[in-house]
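First comes one chain, alone, set out as structure tokens in the form predicted on its own.
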Amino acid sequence: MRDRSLNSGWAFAAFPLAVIFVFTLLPTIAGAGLSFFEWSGSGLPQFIGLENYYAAIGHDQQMWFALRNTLIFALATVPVTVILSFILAAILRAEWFVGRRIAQAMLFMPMVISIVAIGFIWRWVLDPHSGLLNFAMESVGLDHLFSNWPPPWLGDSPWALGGMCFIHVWRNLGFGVVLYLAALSRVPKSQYEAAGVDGAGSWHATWRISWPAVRHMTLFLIITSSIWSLQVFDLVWVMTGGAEQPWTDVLNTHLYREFSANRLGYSATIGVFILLITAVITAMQLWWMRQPRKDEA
């Protein structure tokens, strides 16, 4: 009976595993192998060993700019997304909150909109000459706070990178809120009632009961948000028009630019760097989240 159940399980998992093998594992292995070759897409690939890695680490300054921006992007967006998602979910779960369904729909709506459409809309909002943001700031006199007006919201500056971080958080916030709402719905109400009897306020109950109860959902959200942040491409490409700028380039835009120039082996090398960074950060998060808490020690 046990063998039959095991075989049934493998039968159900066979198709998804085949899809993952064909469309994820095989391309990953092929890309890693291609990074040791020089190939323009025509003719036979030429084996060059680690030369692509030497070139990327020692001579490609733009890749270091892209790596810096990618890490800043991830470090700025992941914690904010996770913390804000939990806070908003806790607020939406409160009994005093009115219009819960409408608020959930509004928060989740950016997730169902094309990222290209979102990029074009925000590009119009942040346009330094005719954008809605600058018009609104000039209307209330906030333009005097800047020494150089208008700020380069879409140019080669930290402002542009910060703006893209904000848009990324805004778009993915609804996803985290929905996950936390699902996790919080499984927390027994008796725990909050017991905390209330003991004199705990809403903040104390949220911190001591709700937050530990969604620990595993937090891990899932941190990992998925990290992967999305490290692999960001379309938003940056649409917002900047694909311009090669030290403060707006990320690893995937740099990879795409090298791929478009038919430097396939070198672009595969950048892809390997992205894979390694993602794997290391994910492993660190898994290790950290599996450490025993003080109340479990």
Partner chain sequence: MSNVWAKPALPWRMISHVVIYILVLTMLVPFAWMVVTSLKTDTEAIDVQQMALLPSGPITDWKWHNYIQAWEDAQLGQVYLNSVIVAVVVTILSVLHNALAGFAFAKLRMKAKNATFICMLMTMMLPYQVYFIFAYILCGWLGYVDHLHALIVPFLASAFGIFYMKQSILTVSDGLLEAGKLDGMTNFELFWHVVLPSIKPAVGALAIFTFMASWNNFFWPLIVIDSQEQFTLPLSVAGLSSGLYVQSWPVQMAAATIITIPTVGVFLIFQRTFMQGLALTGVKG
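Nothing here was measured: the structure is a model prediction, and the numbers come from that model. Residue numbers count along the first chain shown, from 1. C-alpha atoms forming the largest set that superposes within 1.5 Å between two forms make up the rigid core.
Form predicted in complex with the partner chain: not shown, discussed below.
Within this chain, residue 99 lines the site of the partner chain in the predicted bound form, having a heavy atom no more than 4.5 Å away. Using a 4.5 Å cutoff between non-hydrogen atoms, residue 93 counts as a contact of the partner chain in the predicted bound form. By the criterion of a heavy atom within 4.5 Å, residue 280 is excluded from the residues contacting the partner chain in the predicted bound form.
Though the partner is left out of this view, residue 130 does reach within 4.5 Å of the partner chain in the predicted bound form, counting heavy atoms only. Judged against the partner chain in the predicted bound form with a 4.5 angstroms heavy atom cut-off, the residues 31, 267 and 271 are in contact without exception. Contact with the partner chain in the predicted bound form, defined as any heavy atom within 4.5 Å, is confined among 111 to 119, 156 to 164, 75 to 83, 141 to 149 to 111 to 119. Of the residues 234, 244, 38, 51, just one reaches the partner chain in the predicted bound form with a heavy atom at 4.5 Å or closer; this is 234. Looking at 166 to 192, the residues that come within 4.5 Å of the partner chain in the predicted bound form, counting any heavy atom, are 170, 173, 175, 178, 179, 182, 185, 186, 189, 192.
Once you line up the core between this form and the one not shown, the Cα of residue 284 stays within less than 2 Å of where it was. With the core held fixed, the Cα of residue 275 is displaced between this form and the one not shown by less than 2 Å.
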